[in-house]
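Shown next as structure tokens: one chain only, the form predicted alone.
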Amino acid sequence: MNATPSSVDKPKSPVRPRVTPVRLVTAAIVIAVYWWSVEGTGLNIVTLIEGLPNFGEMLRQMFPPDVGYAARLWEPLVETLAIGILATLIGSVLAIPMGFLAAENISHAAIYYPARMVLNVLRGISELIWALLFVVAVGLGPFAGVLALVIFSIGVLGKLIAEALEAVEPGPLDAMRATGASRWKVFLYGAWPQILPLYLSYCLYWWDHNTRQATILGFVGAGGLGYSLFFSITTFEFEKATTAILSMILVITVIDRFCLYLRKKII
């Protein structure tokens, strides 16, 4: 007996997306936002193409790098490394209590919202602006750079710690609360062990970030390799600027490999 093909076996026609008024309006809004962004930023392919010869001429002047200038970069390079290390160490330690206060599942409601607002302020202002403010307050030099990076690190790492705490397994925390443990003990013995590997990973990445940012802060007088790079560019000594850039790339590469080694060992 031959089985008749069921309706299930019949090939279905492809479903065409429906064009609805809501989708048309959404598409129009998206296109308008992109067009407004292009107009507001002056994005122009023709201008980019016309500027390529100037960029090529600058690259020609940047090579070969001034190898003899590398000896003069040793001190600002060490200064940049010191800024990155100190800012990461201080910022990562101070971010722990801020993350505890800004975690909704651990902190008190009366503290949670103010703590979140503080973190928003700390990371809402870029490191460059913090550096400008601290240069005015404490003067030129690496101290202003350390302070700027510490403030920004607390804001970012504090937020990351708070969000990691809010995502932990709630079982151990509820069990500790049932025994009458305080909020701080719930955090220290219930939540902290769960997020410790993630916290260490954040710190290692942020060390890399702070070292790179320490170079940028030198452009506003916060010391380090950035000041030497800024001086070389503004005086059109591009071959010296190339040496400074290559030195920074070398340092970041070494830090990256070292961080990978530490992750394998401790995380």
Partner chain sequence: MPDIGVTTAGRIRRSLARRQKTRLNQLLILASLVVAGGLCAWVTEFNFPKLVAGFPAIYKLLNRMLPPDAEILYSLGKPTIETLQMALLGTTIPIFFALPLALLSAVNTAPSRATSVAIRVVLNALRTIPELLWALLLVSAVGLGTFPGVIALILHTTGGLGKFYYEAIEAVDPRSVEAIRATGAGRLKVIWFGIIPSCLPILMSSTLAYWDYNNRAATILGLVGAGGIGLALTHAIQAFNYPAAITCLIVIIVILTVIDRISAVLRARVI
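Throughout, rigid core stands for the largest set of C-alpha atoms superposing within 1.5 Å between the two forms. Positions refer to the first chain, counted from 1. Predicted, not measured: the structure shown is a model, and the values here were computed from it.
What comes next is about the form predicted in complex with the partner chain, which is not displayed.
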>> Under a 4.5 angstroms heavy atom criterion, identify the one residue in L73, L101, V168, A82 near the partner chain in the model of the complex.
In response: A82
>> Taking a heavy atom within 4.5 Å as contact, would all three of Q61, L225 and L262 count as contacting the partner chain in the model of the complex?
In response: no
> Applying a 4.5 Å heavy atom distance criterion, does I249 contact the partner chain in the model of the complex?
Replying inline: yes
> Is there a non-hydrogen atom of I90 within 4.5 angstroms of a non-hydrogen atom of the partner chain in the model of the complex?
Replying inline: yes
> Is Y112 one of the residues lying within 4.5 Å of the partner chain in the model of the complex, judged by heavy atom distances?
Replying inline: no
>> Is it the case that I245, even though its partner is missing from this view, gets within 4.5 Å of the partner chain in the model of the complex, heavy atoms only?
In response: yes
> in the model of the complex, which residues of 109-136 put a heavy atom within 4.5 Å of the partner chain?
Replying inline: N120, V121, R123, G124, I125, S126, L128, I129, L132, L133, F134, V136
> For F55, is the C-alpha shift between this form and the one not shown 2 Å or more after core superposition?
Replying inline: yes
> Once you line up the core, how about I29: does its CA shift reach 2 Å between this form and the one not shown?
Replying inline: yes
>> Does T234 move appreciably between this form and the one not shown, meaning a CA displacement of 2 Å or more on the superposed rigid core?
In response: no
